[in-house]
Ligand code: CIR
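Quick heads-up: it's one chain on its own, the form predicted alone, in C-alpha coordinates.
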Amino acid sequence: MKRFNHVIVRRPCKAMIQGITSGLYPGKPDYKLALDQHGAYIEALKKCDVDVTILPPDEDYPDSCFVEDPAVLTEKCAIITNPGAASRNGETSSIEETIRKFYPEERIEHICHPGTLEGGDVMMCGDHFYVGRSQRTNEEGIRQFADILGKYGYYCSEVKLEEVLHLKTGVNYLENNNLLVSGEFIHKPEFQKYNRYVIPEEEAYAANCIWVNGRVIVPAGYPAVLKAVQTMGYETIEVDTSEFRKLDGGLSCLSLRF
(Lines give C-alpha, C1' and ligand atoms only; values in the text may rest on other atoms or scores of the structure.)
Protein backbone atom coordinates (compact mmCIF):
# COMPACT_ATOMS: atom_id res chain seq x y z
CA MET A 1 0.00 0.00 0.00
CA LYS A 2 1.36 3.41 -0.97
CA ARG A 3 0.24 6.43 1.03
CA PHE A 4 3.14 8.87 0.69
CA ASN A 5 4.73 10.28 -2.44
CA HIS A 6 6.90 13.03 -0.99
CA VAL A 7 9.10 13.65 2.01
CA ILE A 8 10.71 16.89 3.17
CA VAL A 9 13.81 16.87 5.38
CA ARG A 10 16.27 19.55 6.49
CA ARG A 11 19.93 18.86 7.07
CA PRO A 12 21.10 19.51 10.66
CA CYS A 13 22.89 22.82 11.30
CA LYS A 14 26.02 23.24 13.39
CA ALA A 15 23.94 25.11 15.97
CA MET A 16 21.98 21.91 16.69
CA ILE A 17 24.29 21.25 19.61
CA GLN A 18 22.49 24.17 21.30
CA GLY A 19 19.02 22.75 20.56
CA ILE A 20 16.21 22.46 23.08
CA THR A 21 16.48 19.45 25.37
CA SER A 22 14.77 18.18 28.49
CA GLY A 23 17.97 16.49 29.59
CA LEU A 24 16.22 13.12 29.66
CA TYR A 25 18.91 11.75 27.36
CA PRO A 26 22.18 13.41 28.50
CA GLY A 27 25.05 14.66 26.38
CA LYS A 28 25.51 17.16 23.57
CA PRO A 29 25.09 15.87 20.00
CA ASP A 30 28.18 15.13 17.95
CA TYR A 31 27.53 17.24 14.86
CA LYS A 32 29.52 15.15 12.39
CA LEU A 33 27.90 11.95 13.61
CA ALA A 34 24.48 13.60 13.44
CA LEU A 35 25.13 14.50 9.79
CA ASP A 36 26.10 10.90 9.04
CA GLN A 37 23.01 9.57 10.79
CA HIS A 38 20.80 12.05 8.96
CA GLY A 39 22.31 10.94 5.67
CA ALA A 40 21.48 7.32 6.51
CA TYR A 41 17.94 8.42 7.40
CA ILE A 42 17.52 10.00 3.97
CA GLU A 43 18.76 6.84 2.28
CA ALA A 44 16.27 4.77 4.30
CA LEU A 45 13.44 7.03 3.16
CA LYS A 46 14.49 6.70 -0.46
CA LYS A 47 14.10 2.93 -0.14
CA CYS A 48 10.43 3.52 0.68
CA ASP A 49 9.40 4.72 -2.79
CA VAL A 50 9.18 8.45 -2.02
CA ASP A 51 10.71 11.55 -3.54
CA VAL A 52 12.87 13.30 -0.91
CA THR A 53 13.26 17.09 -0.88
CA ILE A 54 16.42 17.96 1.07
CA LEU A 55 16.57 21.47 2.52
CA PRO A 56 19.87 23.08 3.53
CA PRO A 57 20.86 23.68 7.16
CA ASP A 58 19.42 26.79 8.82
CA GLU A 59 21.88 28.11 11.39
CA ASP A 60 19.33 30.61 12.73
CA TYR A 61 17.30 27.78 14.21
CA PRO A 62 19.16 25.05 16.14
CA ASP A 63 16.16 22.68 16.09
CA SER A 64 15.27 23.23 12.43
CA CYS A 65 16.18 19.66 11.38
CA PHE A 66 13.01 18.59 13.23
CA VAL A 67 10.79 19.63 10.32
CA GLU A 68 7.75 17.73 11.58
CA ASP A 69 6.88 20.43 14.13
CA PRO A 70 6.29 23.57 11.98
CA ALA A 71 3.76 21.91 9.64
CA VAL A 72 1.18 19.14 9.34
CA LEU A 73 0.72 17.82 5.80
CA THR A 74 -2.32 15.84 4.68
CA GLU A 75 -3.61 14.60 1.33
CA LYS A 76 -6.04 17.51 1.12
CA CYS A 77 -4.31 20.42 2.84
CA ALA A 78 -1.17 21.75 4.49
CA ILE A 79 -1.37 23.31 7.95
CA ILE A 80 1.40 25.66 9.02
CA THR A 81 1.61 25.42 12.78
CA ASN A 82 2.54 27.90 15.48
CA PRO A 83 5.19 26.14 17.58
CA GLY A 84 4.85 26.45 21.33
CA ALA A 85 8.61 26.83 21.75
CA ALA A 86 9.29 30.53 21.09
CA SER A 87 12.75 29.84 19.66
CA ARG A 88 11.16 27.79 16.85
CA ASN A 89 8.51 30.25 15.63
CA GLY A 90 10.61 31.49 12.71
CA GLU A 91 10.90 28.00 11.24
CA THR A 92 7.38 28.20 9.85
CA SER A 93 8.19 30.84 7.20
CA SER A 94 10.99 28.82 5.71
CA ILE A 95 9.09 25.54 5.63
CA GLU A 96 6.00 27.22 4.15
CA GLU A 97 8.10 28.44 1.23
CA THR A 98 8.91 24.82 0.37
CA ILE A 99 5.38 23.55 1.02
CA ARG A 100 4.00 26.04 -1.51
CA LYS A 101 5.69 23.99 -4.22
CA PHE A 102 3.36 21.10 -3.39
CA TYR A 103 0.05 22.70 -2.33
CA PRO A 104 -2.06 25.45 -3.94
CA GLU A 105 -2.53 28.67 -1.99
CA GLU A 106 -6.16 27.92 -1.10
CA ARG A 107 -5.17 24.65 0.59
CA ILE A 108 -2.53 26.10 2.88
CA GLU A 109 -3.92 26.85 6.34
CA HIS A 110 -2.39 28.40 9.48
CA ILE A 111 -2.60 28.05 13.25
CA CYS A 112 -2.63 31.60 14.62
CA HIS A 113 -1.75 33.20 17.97
CA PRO A 114 -2.78 32.61 20.74
CA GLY A 115 -3.09 29.05 19.48
CA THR A 116 0.02 26.90 19.54
CA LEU A 117 0.50 23.53 17.89
CA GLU A 118 3.50 21.39 16.97
CA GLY A 119 3.43 18.54 14.47
CA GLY A 120 5.00 16.14 16.94
CA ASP A 121 1.71 16.26 18.81
CA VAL A 122 -0.31 15.14 15.77
CA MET A 123 -0.85 11.50 14.81
CA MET A 124 -2.76 10.68 11.64
CA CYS A 125 -4.82 7.47 11.59
CA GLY A 126 -6.58 7.50 8.23
CA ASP A 127 -9.05 10.41 8.32
CA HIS A 128 -8.81 10.71 12.11
CA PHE A 129 -6.19 12.87 13.77
CA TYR A 130 -5.19 12.56 17.42
CA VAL A 131 -3.68 15.72 18.91
CA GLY A 132 -1.72 15.81 22.14
CA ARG A 133 -2.44 18.70 24.48
CA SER A 134 1.04 19.35 25.76
CA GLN A 135 3.49 22.05 26.84
CA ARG A 136 3.85 22.94 23.14
CA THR A 137 0.25 22.50 21.90
CA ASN A 138 -2.53 24.34 23.69
CA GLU A 139 -6.33 24.21 23.78
CA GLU A 140 -6.76 27.07 21.31
CA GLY A 141 -4.32 25.51 18.87
CA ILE A 142 -6.27 22.25 18.96
CA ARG A 143 -9.55 24.11 18.45
CA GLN A 144 -8.19 25.85 15.35
CA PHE A 145 -6.70 22.60 14.09
CA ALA A 146 -10.02 20.78 14.47
CA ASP A 147 -11.86 23.55 12.61
CA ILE A 148 -9.39 23.39 9.73
CA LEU A 149 -9.56 19.61 9.49
CA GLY A 150 -13.35 19.72 9.47
CA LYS A 151 -13.29 21.83 6.30
CA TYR A 152 -11.63 18.93 4.51
CA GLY A 153 -13.70 16.07 5.94
CA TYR A 154 -11.18 15.04 8.60
CA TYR A 155 -11.84 14.38 12.28
CA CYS A 156 -9.86 15.30 15.36
CA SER A 157 -9.72 14.32 19.02
CA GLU A 158 -7.62 15.61 21.89
CA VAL A 159 -5.33 13.47 24.02
CA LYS A 160 -4.07 15.06 27.23
CA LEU A 161 -0.40 14.36 27.85
CA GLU A 162 0.85 13.81 31.37
CA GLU A 163 4.50 12.85 31.04
CA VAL A 164 6.02 13.08 27.56
CA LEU A 165 7.03 16.07 25.39
CA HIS A 166 4.96 15.19 22.30
CA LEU A 167 2.17 12.74 21.52
CA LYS A 168 4.32 10.74 19.10
CA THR A 169 7.04 10.43 21.72
CA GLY A 170 5.05 7.52 23.09
CA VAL A 171 2.47 6.35 20.54
CA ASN A 172 2.77 5.81 16.78
CA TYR A 173 0.42 4.42 14.15
CA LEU A 174 1.82 1.86 11.72
CA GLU A 175 -1.30 1.56 9.54
CA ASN A 176 -3.40 -1.64 9.38
CA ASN A 177 -4.90 -0.72 12.77
CA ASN A 178 -1.54 -1.27 14.52
CA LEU A 179 -0.16 1.01 17.23
CA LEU A 180 3.13 1.06 19.11
CA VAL A 181 2.42 2.30 22.64
CA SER A 182 4.58 3.00 25.68
CA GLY A 183 4.32 4.61 29.10
CA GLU A 184 1.22 6.72 29.70
CA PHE A 185 -0.35 5.61 26.41
CA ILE A 186 -0.64 1.92 27.27
CA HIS A 187 -3.94 2.35 29.08
CA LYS A 188 -5.38 5.50 27.51
CA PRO A 189 -8.97 4.74 26.46
CA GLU A 190 -8.58 6.62 23.15
CA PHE A 191 -6.42 3.83 21.77
CA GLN A 192 -8.17 0.69 23.02
CA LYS A 193 -9.76 -0.04 19.62
CA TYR A 194 -6.36 -0.56 17.96
CA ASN A 195 -4.03 -3.54 17.94
CA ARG A 196 -1.64 -2.21 20.59
CA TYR A 197 1.92 -3.45 20.83
CA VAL A 198 3.34 -2.46 24.19
CA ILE A 199 6.93 -1.25 24.20
CA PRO A 200 9.00 -2.25 27.27
CA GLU A 201 9.98 0.70 29.46
CA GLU A 202 13.68 0.32 28.75
CA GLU A 203 13.00 0.73 25.01
CA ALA A 204 10.34 3.47 25.29
CA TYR A 205 12.30 5.83 23.03
CA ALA A 206 11.81 3.41 20.13
CA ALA A 207 8.04 3.73 20.23
CA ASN A 208 8.75 6.48 17.71
CA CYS A 209 8.95 4.38 14.54
CA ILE A 210 7.59 5.53 11.18
CA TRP A 211 5.58 3.65 8.58
CA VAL A 212 6.42 4.67 5.00
CA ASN A 213 4.62 2.83 2.20
CA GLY A 214 4.65 -0.60 3.79
CA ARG A 215 8.09 -0.43 5.38
CA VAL A 216 8.76 0.65 8.95
CA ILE A 217 11.88 2.60 9.89
CA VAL A 218 13.00 1.67 13.41
CA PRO A 219 15.64 3.30 15.64
CA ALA A 220 18.75 1.12 15.79
CA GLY A 221 19.61 -0.57 19.07
CA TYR A 222 16.14 -1.57 20.31
CA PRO A 223 15.78 -5.32 19.71
CA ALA A 224 12.38 -5.77 21.39
CA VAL A 225 10.80 -3.06 19.25
CA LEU A 226 12.45 -4.36 16.10
CA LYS A 227 11.14 -7.86 16.80
CA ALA A 228 7.64 -6.56 17.55
CA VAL A 229 7.45 -4.64 14.27
CA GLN A 230 8.76 -7.59 12.29
CA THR A 231 6.26 -9.88 14.01
CA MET A 232 3.49 -7.62 12.71
CA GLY A 233 4.72 -8.53 9.23
CA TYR A 234 6.46 -5.30 8.24
CA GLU A 235 9.74 -5.04 6.40
CA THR A 236 12.03 -2.98 8.64
CA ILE A 237 14.93 -0.59 8.14
CA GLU A 238 17.07 0.37 11.12
CA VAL A 239 18.55 3.86 11.43
CA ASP A 240 20.76 5.14 14.25
CA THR A 241 19.30 8.29 15.83
CA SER A 242 21.50 8.52 18.93
CA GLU A 243 22.54 12.15 18.36
CA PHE A 244 18.98 13.36 17.79
CA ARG A 245 17.83 11.45 20.86
CA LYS A 246 19.97 13.82 22.95
CA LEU A 247 17.61 16.60 21.80
CA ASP A 248 14.48 14.51 22.51
CA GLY A 249 14.15 13.94 18.76
CA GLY A 250 13.11 10.74 17.02
CA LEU A 251 12.48 9.34 13.56
CA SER A 252 9.15 11.06 12.93
CA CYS A 253 10.52 14.46 14.00
CA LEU A 254 13.04 14.48 11.15
CA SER A 255 10.64 14.48 8.20
CA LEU A 256 7.34 15.60 6.74
CA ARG A 257 5.73 12.70 4.89
CA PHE A 258 2.82 13.29 2.50
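Keep in mind that this is a model prediction, so the values were computed, not measured. From 1 onward, residues are counted along the sequence shown.
Not pictured, yet referred to below: the form predicted in complex with this ligand.
Engineer: So in the predicted complex, is this ligand close enough to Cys253 to count as touching (4.5 Å, heavy atoms)?
Structural biologist: Heavy-atom contact with this ligand at 4.5 Å: present for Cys253.
Engineer: Give a yes or no for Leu24: in the predicted complex, does one of its heavy atoms lie within 4.5 Å of a heavy atom belonging to this ligand?
Structural biologist: Answer no; every heavy atom of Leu24 is more than 4.5 Å from this ligand in the predicted complex.
Engineer: Though only this chain appears here, would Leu165 touch this ligand in the predicted complex if you measure heavy atom gaps against 4.5 Å?
Structural biologist: It does: once this ligand is placed as it appears in the predicted complex, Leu165 has a heavy atom within 4.5 Å of it.
Engineer: I'd like to know if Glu243 sits close to this ligand in the predicted complex, meaning any non-hydrogen atom pair within 4.5 angstroms.
Structural biologist: It does not: once this ligand is placed as it appears in the predicted complex, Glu243 has no heavy atom within 4.5 Å of it.
Engineer: Which of 58 to 66, 186 to 194, 213 to 221, 32 to 40 has heavy atoms within 4.5 Å of this ligand in the predicted complex?
Structural biologist: The contacting stretch here is 58 to 66.
Engineer: Even though the chain is shown alone, can you say which residues of 131 to 164 have a heavy atom within 4.5 Å of this ligand in the predicted complex?
Structural biologist: Heavy-atom contacts within 4.5 Å come from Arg136 alone.
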